[in-house]
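First, one chain by itself in structure tokens, the form predicted alone.
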Amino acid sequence: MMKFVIVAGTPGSGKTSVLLHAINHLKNKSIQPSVAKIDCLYTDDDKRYAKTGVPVLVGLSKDMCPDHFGIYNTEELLDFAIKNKSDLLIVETAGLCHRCSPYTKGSLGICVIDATSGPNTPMKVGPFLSTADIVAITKGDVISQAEREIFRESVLEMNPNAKIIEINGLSGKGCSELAEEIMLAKAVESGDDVLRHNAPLAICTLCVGETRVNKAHHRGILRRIDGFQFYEGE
């Protein structure tokens, strides 16, 4: 059993920078984490993590949704941390699909979101925000106090139970508070965990490689522009 932390968020929100500061705080408390970085096509963030002295595993999902890829490989990620004799595993996922929530019920779910992305962003990003335990709001220092308050209220509207931490990925402000929350996380049994939220409804022929755009070539659960949903196929 070990602590299991899953971090998702909007691209460019500063997930890695925030975690680097938090990891330094954890190490100062004699907590030894392992990190798994899940991305799509390329990342060099493993080099940044390596500078903290923590074991790092990179997974590139390529044609697969990064959240699905991470979920599918959860057992291997936990085994990686166990082999390193780590106290906790931190999984940072690209989180590009706004219909996915990578968090499991046994994990600590952290959503990192950029305050400069606009006040409506919390309503656009779906369950990776609405099912998170902690929402870390970054880049609040470059917008006005009024804009920060509006953004915060938008987050609470989508996830009223979340603990909000305002964080600066450059200076590290707020990252010690995030580290404290990580230290309070419960340990999880790797074989008994389940997702907090179902994955997107289904796959369609576009998902499995069909490139033709005519409706006649597509099967699966489909939705028209007017919102009408139907199933086409066997």
Partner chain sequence: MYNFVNNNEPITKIYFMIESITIIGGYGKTGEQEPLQTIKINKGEIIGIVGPTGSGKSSLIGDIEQMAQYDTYSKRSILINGLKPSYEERTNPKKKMVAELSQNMNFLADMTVVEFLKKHAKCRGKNEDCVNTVIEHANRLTGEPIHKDHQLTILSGGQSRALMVADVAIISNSPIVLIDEIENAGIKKHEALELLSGHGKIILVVTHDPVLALMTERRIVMQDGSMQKLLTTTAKEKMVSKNINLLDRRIMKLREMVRYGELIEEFSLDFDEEVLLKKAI
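Every value quoted in this text rests on a predicted model; they were computed, and no experiment measured them. Residue numbers count along the first chain shown, from 1.
Note that the form predicted together with its partner chain isn't included here; everything after this is about it.
Residues placing heavy atoms within 4.5 Å of its partner chain in the model of the complex fall in a single listed stretch, namely 161-169, out of 204-212, 161-169, 65-73, 49-57. Contact check for residue 142: a non-hydrogen atom falls within 4.5 Å of its partner chain in the model of the complex.
Although the partner is absent here, residue 125 sits far enough away that none of its heavy atoms falls within 4.5 Å of its partner chain in the model of the complex. For the chain shown alone, residue 176 is a contact residue for its partner chain in the model of the complex, at least one non-hydrogen atom being within 4.5 angstroms. In the model of the complex, none of the heavy atoms of residue 88 sits within 4.5 Å of a heavy atom of its partner chain. Taking a 4.5 Å heavy atom cutoff to its partner chain in the model of the complex, the contacting residues in 137-160 are 141, 142, 143, 144, 145, 146, 147, 148, 149, 150, 152, 153, 157.
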